[in-house]
Every structure is written in C-alpha cells, then in structure tokens.
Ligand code: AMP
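Given next, in structure tokens, is a single chain: the form predicted alone.
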C-alpha cells in the first residue's frame, strides 16, 4: 500500500518508524518506494521518501496523492486537520486517517469543545468564557486569589495555557490572548493527569494504553507550559477499573454526542483526563495522536499500525485487537535553547554511538548540503528508552538523550521520577 504521513515532528517520525516495521513494508518493494512523508525530517528520510509539501496546503497534497497513487493518508498535525485536509482528501476519494474540519473544532476551538462536552454532560472543570479584558478584570477581582487556569481557545501548540493565583499575571496573560482570540477560565483541578487515546472508525472505537505527559518546562513541574517535555507508557495507576470508568463517563458519551450532532469522526481522539478525588474529569480533546505521548506508545505496539489505520479509514475497526509489548517506555524531549520561548534554528547536531535499548525520534530536523543534521524546531528530538522495568527504561532514555549533542541542548531531568519514586522509594530518574 502506498501511504502518505503528514507532518515533520517526532510524532510523525514515530508513526513512520512503526509503519516501516510492519508486515506491509517488510517484504516486496523497499519502504522508501511506498511510504512517503510530507515534509518529514532527517529521521524519516532514513525510512521513507520525504516530499517537500506544505502540510497546510490541501490542494498540493491531493495533487501529490494522485500522482503517487497514495491509498491512505495519515494526518499528524492538528493544523492540517483544522485547515480541512481530510475534507479535501475525501472529496478526491482518497481514504484518510483523521477527522474533517467540523470535528477538528474539538481541538481548534476550546470554547466549542467545552460547549460540546457540557451538552454531552461529561464531567469537567467549571468554565467561563471571556471576550473582553474588562470582563476578565471583573472576574479576577472577584476570585479572591484562588488559583485558576486560563486557556486560549484556538490552537497554540500546547502553550496556550496559564495557571496561577496571581491576579496581575493572570490578567497579563488573558489580555494578550484576548487581542486575537477568545479566552476560557477554568477551575484548577487537583489530581493525576492521563492521556487516553481512542481510535474511532465512525461507529466503533478502541482504547489504546494510557500515557502520562509532562507539560511544564522545569523539573518538579515548574516553569511555563510547553508542548510536552516527555512521557511514559503505560501508566501503572490506569488500572482496568479506572479505565472502565473513564470510558463509561467520558469516552462513550463523547462519541454518542458526536454522532448525535453529526460530527463524523475517523481517526484517533485524545482525551486529556484529570483523575481527581471526585473521579475522572475531562481537561481537553485533541483530534490526533499526542506529542510526545506517541513516541512512547508506538514502540510498544506489537501488531500492525497500518492495519489499525487502514481499519479506521475504511470503517473496519470492530474486528481488530492490537497487541502491545509488556515492556515499559519513557520518552525524554531534547529541546533547543530558549524553548518554549524564542529559540534559534539550524544548530548543527552530533548524535553519538549508543548501546541503550530504545530509539531517537527527530522533530523538524534536516540535513544540510554537507549531510550534517541541523535543528529546525523547539522540541528537536525525543529519546525513548524501553525495558522490562521503569528504572532501566529511564536509564536508557537518559543515556540516549545525552547522546544527542548540540549547542544549548537541554531536557528535563525528572521525566517519570514521581512514578519511579512511588514504585521504588529513593530511586530517581536520570539527570542532565
């Protein structure tokens, strides 16, 4: 099957890597002749054919699909989904893994998503919407110093969220958002956060193992929000009873409401869930695989990713039962200096030879005229360690992270550390 993956991040590298290892590409023609990525990165170039296409240009992608005989398109970035890429592919008769723009509003508009989840009576944080700084100021004056969460309604690459109990800081963030977008103020929830993924083919859905992300830039969950500085999978606390409750109270009502409201959905729906003392509550929807969660999830998949994606796109998910390794995976993001603020690009990279069990996924990297790898984004790599226990998985992940060398490179030193300390008191994760 000729397949096209859309995107250039570490998530897309992980998808391409997983596809290339499946039975569909392990025989016959080399994967590079049947597996394409647009635009891809230096890592995907080793596995597939990179195409110099803009992920936000549906017409150019449809034209390339026709020329190359593409039989399935797997869309990675939310921006492409919000731009209507799946709508354009559907009009051209090209099967796609991903929702149309109408359903992509569940991520591209947090205001729409919260209104939708309220109509579906899904437990979530109490929320207020604001369209003016004057309304926001009045609300903050009435808060009395309570901690809340402010969110930009539109897409923000995981960085449009700010939590604080300082009215001045909250007003400064909110006023900046309101210059160009709607603002949401949400109740601050206390608990443990899960990333839950459900594949959906339009009628049936299938849950994948839960992951846990690390959003804050600094150790100990300090500093500003980022797109995610690391993740691990599976999550020991996501036992069958908890997952059954999440499915019953959050996931199933979401899909029922989508069908009722005519939101056709074929792809993966991400549920950000906070497990509180009162039970699980929905934080947000994402309409694609998460980044960096995907980099820790897909290496554990023992069955065919192509079979799953094809089943979703063709409406044949009900007969599939994916299998996963019993190993454990921890992913550590290696970022450019200055991220999540402004950061330089085009920094030359050296990757040392390593013997740790795992893999390194690239994000927006490229090779210059001399063949040297250079950075192209803020979160430049994800180093993923795998092992039969959490300590060894963590050690492998940090060994791989340290093997990636470029000026100003940094990473959080405590990905999964809370988990490790809970399971093995006195044992910490890797350090920088």
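None of the values given here were measured: they were computed from a predicted structure. Positions refer to the first chain, counted from 1.
Not on display, but discussed next: the form predicted in complex with the named molecule.
(message) Just checking whether residue 261 would be counted as a contact of the named molecule in the predicted bound form - the rule being heavy atoms within 4.5 angstroms.
(response) Result no; residue 261 lies far from the named molecule in the predicted bound form.
(request) Answer with yes or no whether residue 215 is in contact with the named molecule in the predicted bound form, where contact means some heavy atom within 4.5 Å. (result) So residue 215 counts as contacting the named molecule.
(message) Against the named molecule in the predicted bound form, would residue 307 count as a contact residue? Criterion: heavy atoms within 4.5 Å.
(response) Looking in the predicted bound form, residue contacts with the named molecule do not include residue 307, since no heavy atom lies within 4.5 Å.
(request) Mark residue 252 yes when one of its heavy atoms lies within 4.5 Å of a heavy atom of the named molecule in the predicted bound form, and no otherwise. (result) Heavy-atom contact with the named molecule at 4.5 Å: absent for residue 252.
(request) Choose from 240-248, 164-172, 202-210, 280-288 the stretch whose residues reach within 4.5 Å of the named molecule in the predicted bound form, heavy atoms counted. (result) The contacting stretch is 280-288.
(request) Go through 347, 125, 82, 275 and name the one with a heavy atom inside 4.5 Å of the named molecule in the predicted bound form. (result) Contact check passes for 125.
(message) Quick check on this chain: which one of 71, 87, 187, 182 has a heavy atom within 4.5 Å of the named molecule in the predicted bound form?
(response) Contact check passes for 187.
(message) Given a 4.5 Å distance limit between heavy atoms, list every residue of 71-110 close to the named molecule in the predicted bound form, or none if there are none.
(response) Sequence-ordered list has one entry, 110.
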